[in-house]
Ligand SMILES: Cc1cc2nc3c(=O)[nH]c(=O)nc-3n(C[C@H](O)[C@H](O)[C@H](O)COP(=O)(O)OP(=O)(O)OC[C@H]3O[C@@H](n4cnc5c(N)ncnc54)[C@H](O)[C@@H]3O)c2cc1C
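Starting off, we have a lone chain in the form predicted on its own, written out as structure tokens.
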């Protein structure tokens, strides 16, 4: 099988890159081993920890000076903003309704009730300000992955008149009997059935009559937002959804929408597969063999590594070093192991910035030599701390579209 581009990793970065390339008429395949970071995310995407466009521009300027190896610094501040705006349009074209944007940075309410600056949030996510508002934070009796009593005090500190409470949903008793089954995704599969809409509305209506906003765990809407929109049409005040402990319904829904659009555009989705062997020719990736297609190497003009960071297995830490296991690419240097981390758990951690080295085009290096047709994107990259800098989703989106632009330009020249 021959492709213009093979992408290793089917998370946010890999899918955005694949969609952008297939939109340009290139034949692409994504090799996806299984679940990815989106399945465990809130569904919101951070670009940089900033509260307004002016802070975003200033923050990007600081990054270029302080962190020259940050992916944003390699790409350039102006292009970062451009790619972010492209990503907003791409998500919308995939039917993914988000609130916010580069000109509408906002503070979203977290599951613990705090406010966090972000770039894009699902349309059902609660955002600030909250001061002076009567807010009911509603949990489900027996559901362990959402704690209303933790969120309400933080909202009160932000000036809200917030109360924590629980509702009984007898229709969930079958799941409640097994703690391992009483999770957001399983609840969503049941509540999304139209026969369950009315009982949920009946449980929420008496509370909604006394409050300005209802915050409820995001445990429905696995495929679409029909139930959420219907409830908001019936209730006297807005109902908004807070993410739960993983698995994440908003993240899974976003991933499914991106995957559907990639396949609809003609992309090839190789699910449950992983790279087993790579053939190089003249400092270029020539073909990739996978576990499920061992006898049929996948020939490609370009390759993209979007395998994620440590959580996804895109980076692997040993006793004394860190490696990238698929292409064995060079990674950023770390100090002696004792210097990988800081004693304060909540402090920035040096190991968070470890990842693959690239040039400004995001080409990866192997033994200090660039691989001409291999690009690294997303969480596998080094030089940034997604948590401390508030840029995880943004790095995935921006680098995905930057790599896609490089490949599209070169593919046209080689055609």
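Quick caveat: nothing in here was measured; it's all calculated off a predicted structure. Numbering follows the first chain given and starts at 1.
Missing here is the form predicted in complex with the named molecule; even so, the following discussion is about that form.
With the partner omitted from this view, the residue of 100, 267, 111, 308 that lies near the named molecule in the predicted complex is 308 [heavy atom within 4.5 Å]. In summary, among the residues 69, 348, 35, 361, the only one with a non-hydrogen atom within 4.5 Å of the named molecule in the predicted complex is 35.
Under a 4.5 angstroms non-hydrogen atom cutoff, the named molecule in the predicted complex has residue 13 among its neighbouring residues. Taking the partner from the other structure, the named molecule in the predicted complex has a heavy atom within 4.5 Å of a heavy atom of residue 45. Although the partner is absent here, residue 259 is not a contact residue: none of its heavy atoms lies within 4.5 angstroms of the named molecule in the predicted complex. In the predicted complex, the named molecule lies within 4.5 Å of some heavy atom of residue 41. Every residue of the trio 31, 379 and 393 has some heavy atom no more than 4.5 Å from the named molecule in the predicted complex. Across the options 52 to 60, 385 to 393, 353 to 361, 367 to 375, residues that bring heavy atoms within 4.5 Å of the named molecule in the predicted complex belong to 385 to 393. Contacts between 256 to 275 and the named molecule, taken as any heavy atom within 4.5 Å in the predicted complex, involve 273, 274, 275.
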